[in-house]
Every structure is written in structure tokens, then in C-alpha cells.
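In C-alpha cells, the next block holds one chain alone, the form predicted alone.
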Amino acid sequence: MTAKNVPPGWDYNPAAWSQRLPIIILAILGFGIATYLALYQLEIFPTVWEPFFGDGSVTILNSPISHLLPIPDAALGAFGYLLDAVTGAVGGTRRWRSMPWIVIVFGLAVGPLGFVSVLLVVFQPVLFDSWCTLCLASAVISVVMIGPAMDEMLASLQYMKRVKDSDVSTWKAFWGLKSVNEKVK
């Protein structure tokens, strides 16, 4: 790893594949879980796997909260995980400065999904006195992804601050135009 790939003031590159690949793998796993749960909610699968909590998954997946929107919450989760995987995979190891837009989209996709997952986990015992094993697994995946994604987003936001302070076009820097990136370190 060359020094130009590491953000100023950092001792590692948050956009390195070693940092992003685990997030992408977790997002794909989360996508699989959420898709399975969505297929149950859409009545494509007649039953849902639940090894620990009896009919807890059935209770949670058929709750008013899970059907609050026109599409099941698990389908939204699957979309969110897919967005996480795609935005995590786009770009190279300098994307924190060469593609700030994708890094910020990535951070905004991962962060809220983690928050919603925690909120849904809290609802399980409080509102429904039930637990859903795969819902809990999905929530753990979402929360684990937050830290590394926020690191990379922070590096991009710091870069954008340096751009603003150097009187270079923040709009051009946000979209990663090369002439801007060469002027701002």
C-alpha cells in the first residue's frame, strides 16, 4: 500500500480491499437472509426456519410492523443489503478521494440499515414478546458493517473538507474529477 492511498492523518487505508471485502461478504450474506425472509413474507415459502424461539419468527414476520409499508420489511432489507454490496464493491483503493460520492452513498446505505435493524430487534420482545433467529442474525450483520463503512465515509468527508478549505470546486471533487484530485492531497 502506497502512502498516496492512505488518507492524511490515518495509518491505514479504509478503502483497501482488506477493509471492504468483509463488508461486501457480510452484505451478500445479509441479502441471502433477508431474501429468504421476504420470500416467506410474500407467501412464496409456506414456512420459515426457526430453531430457537418456537413460532417467534412467524409472529415477528407477520406482525403489523413488518407489513407497515406496501412491501414487506425483509424485502426492503434485501434491497438495502444489495445496495451495500454494490456500493462497497465499486471503485478502487483510492475511492475515498477519487469517488467520494460512492463512498458517501455506501455510508448512507450501511448506517441507516444498521439503525433500523437495531430498532426492529428492540421491537421484537417489547411489542410482540417474541424473537426471530434470522432477524437477529440479520441485525448483527448490519451492526458489524457500520464501523468499517463509517471509517471510509469519514475519510471521504475529511477529504471534502480539505477540498473546501483549498478553494477547489467541491462539486467537481465530489464527483472525482481528476484535475481536482491532483490539486488536493
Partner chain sequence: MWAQVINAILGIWLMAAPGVFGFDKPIDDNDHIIGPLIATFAVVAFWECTRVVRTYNIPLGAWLLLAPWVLGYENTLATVNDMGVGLLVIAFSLVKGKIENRYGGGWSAAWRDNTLHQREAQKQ
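Everything numeric here is computed off the predicted structure, so don't read it as measured data. Residue numbers count along the first chain shown, from 1.
Omitted here: the form predicted in complex with its partner chain. The next part is about that form.
A heavy atom within 4.5 Å of its partner chain in the predicted bound form is found for exactly one of 137, 29, 65, 150: 150.
Just one of 116, 39, 58, 157 comes within 4.5 Å of its partner chain in the predicted bound form, counting any heavy atom, and that one is 157. Residues within 4.5 angstroms of its partner chain in the predicted bound form, judged by any non-hydrogen atom, belong to 137-145 and to none of the other stretches in 66-74, 31-39, 50-58, 137-145.
Its partner chain in the predicted bound form is not approached by residue 174, whose heavy atoms all lie more than 4.5 angstroms from it. Taking the partner from elsewhere, residue 165 is found to have a heavy atom lying within 4.5 Å of its partner chain in the predicted bound form. Using a 4.5 Å cutoff between non-hydrogen atoms, residue 44 does not count as a contact of its partner chain in the predicted bound form. Residues 10, 11, 12 are the ones in 10-27 with at least one heavy atom within 4.5 Å of its partner chain in the predicted bound form, listed in sequence order.
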